[in-house]
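Below sits a lone chain in structure tokens, taken as the form predicted on its own.
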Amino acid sequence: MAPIILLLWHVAVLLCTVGLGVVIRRSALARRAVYGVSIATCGLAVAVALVHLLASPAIDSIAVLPLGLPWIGANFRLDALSAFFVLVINLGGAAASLYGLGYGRHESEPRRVLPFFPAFLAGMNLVLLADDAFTFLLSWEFMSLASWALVMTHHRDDDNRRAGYVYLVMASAGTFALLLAFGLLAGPEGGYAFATMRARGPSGDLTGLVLTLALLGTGSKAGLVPLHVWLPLAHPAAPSHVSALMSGVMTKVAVYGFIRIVFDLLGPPAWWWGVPVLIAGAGTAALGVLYALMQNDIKRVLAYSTIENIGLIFVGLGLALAFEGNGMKAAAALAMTAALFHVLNHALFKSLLFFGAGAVLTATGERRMEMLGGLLNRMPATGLLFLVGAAAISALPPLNGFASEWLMLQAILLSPDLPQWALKLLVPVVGALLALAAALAAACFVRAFGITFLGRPRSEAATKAHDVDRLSITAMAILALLCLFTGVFPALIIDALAPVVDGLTDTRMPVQTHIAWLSIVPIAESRSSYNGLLVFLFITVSASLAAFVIHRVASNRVRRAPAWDCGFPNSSPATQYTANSFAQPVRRVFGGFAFRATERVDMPAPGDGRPARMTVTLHDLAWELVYDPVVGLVNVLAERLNHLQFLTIRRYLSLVFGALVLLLLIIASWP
């Protein structure tokens, strides 16, 4: 059976599972049935995509169903690009399903999740397989509505209702932008099939407009600044395994949409296409991690961190456009490989981190880091696995985050060969912002892990915490092992990505698995190389040797004594270093211009027994400068238009007559 047919059956089974979830949602078997089917079908989809990617990447698998628009039907296609993203999405879907199988027992509203979870998976798969604009947009909307329903799982909470409303508005705006982009690509002939758009070639003067619309439409779903405002609201509101899917997986569907439109349908790129993408990506990366550092809610930290990583991916895509537009094929292939590699990596470690946050939430009922602490002793498995995810997202070798970010920096180092001065000046600035983002990301996750898992418990809930169920731990362990595997053997991943990169840039990176010791050499060995396996062996051997020496050679006379307490025995755990105090230096450096941060200290007068308090106020400038004026304008217009309901008959007739005259004038003057 053709791979595309197998994947369509996968989608059909998921849609049938939606009905199953509705019918048996009150049964004790409902959770096992829905998540069990999801694991099985997602695993099958991963296998199909992997086989297609490795065995026959150059052969497209096509299917046309008698649905959709009457004259073109519903077109589906599996090529190397869609196969890679199908693999990423279903790998995340299988892990989330396994986690949900255990986590669902702790969820307060499990029945609300069951029907929409497989629908969400089906919607994402349909977007990746769609091969015409109508099917793409219909699937995109289906995916958005299913995820909106999951965000509204705890709909009685006011914050969750606001998150759902903002998400729905932003998703609709993004879909409208994509609708216009596809309309321009289809042209006056109305060729809505992707094959027709591809054959039609470049859209001339409209390419800039299509690029802008694609950036807006997919950027609103991916979380590009300033279109990110829904993401830190919606991701924490959903159950944790859904948050992992939305943050680690759904944002990659948006990245796929951007690549499909700009690299595949829009025609050969011009060099300047890379400029707006680079600016958007670098700004998003830097602001995303700054936002993350200021948060106290652990799930909001992870949500803002996703914005940072999406920025990194778009920087890779912007570099690929700039290099491709200048005919620098090898550099374009390197940048594209780095971007796609980071897509996979982010799906792995961000899902792992959201699972860890979900385990903490299950064990303590708390998302505020200021109320946690000391969980490593009470939740050792979760703490260790969260540490692996934190190290991976901080780009520490030999884990996977380092490999993809290292490739991206190698691509940036090739920018002096670019002929345009605009790019020569812009790309180093982008590189500096990425370096800043990488350093701040490390600080962000040192803070998240240290405040949450180290020190003493700051609340009774943290004192009584214990590790979660085995299925949840297993899901986290699988992702942690994949983070390690892809970091230690990046050459295998780079070669597996080669067909995708070849299809988008007409070239690929040199074959990496032929290099000794599985090293990776992006351009030439004389410039740079990296070997994850040797780094892993060095760390393992040196750490084991150090532990052996300490235990066998060091003094055995261990003396335990109370911790030094500065003369204040039995001090409160609240006196420990807090998340706010950790972020204070960064807040004072960047907070002024990035958040208009203000600090107000309430210091009681001598003799007043009240505790001193410091209040920090942060502003989301994107919300205040972009969305508040729009909301105000809409409210004013709505108020003015509201008066139209109370006109007299004579004024209504005058209004209709005036509108008719105006329309006739427009039609008469239309060329």
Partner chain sequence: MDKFAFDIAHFLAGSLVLVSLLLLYQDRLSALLNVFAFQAVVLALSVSWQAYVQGAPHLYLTAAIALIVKAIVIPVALHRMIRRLGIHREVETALNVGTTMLAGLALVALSIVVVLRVTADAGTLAREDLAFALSVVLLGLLMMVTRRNAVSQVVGFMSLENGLILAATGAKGMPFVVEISVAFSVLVAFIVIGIFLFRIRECFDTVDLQALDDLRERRG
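Here the structure is a predicted model, which is why all the values come from computation and not from measurement. Positions refer to the first chain, counted from 1.
From this point on, the text means the form predicted in complex with its partner chain, which you will not see here.
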Since the chain is shown here on its own, which stretch among 54-62, 641-649, 23-31, 605-613 would lie within 4.5 Å of its partner chain in the model of the complex, judged by heavy atoms? 641-649
Hey, in the model of the complex, is residue 12 touching its partner chain, heavy atoms inside 4.5 Å? no
Tell me, yes or no, whether residue 660 is in contact with its partner chain in the model of the complex, where a contact means a heavy atom of each within 4.5 Å. yes
Does residue 668 reach its partner chain in the model of the complex if we count a contact as any heavy atom within 4.5 Å? yes
Flag residue 653 as yes or no: does it have a non-hydrogen atom within 4.5 angstroms of any non-hydrogen atom of its partner chain in the model of the complex? yes
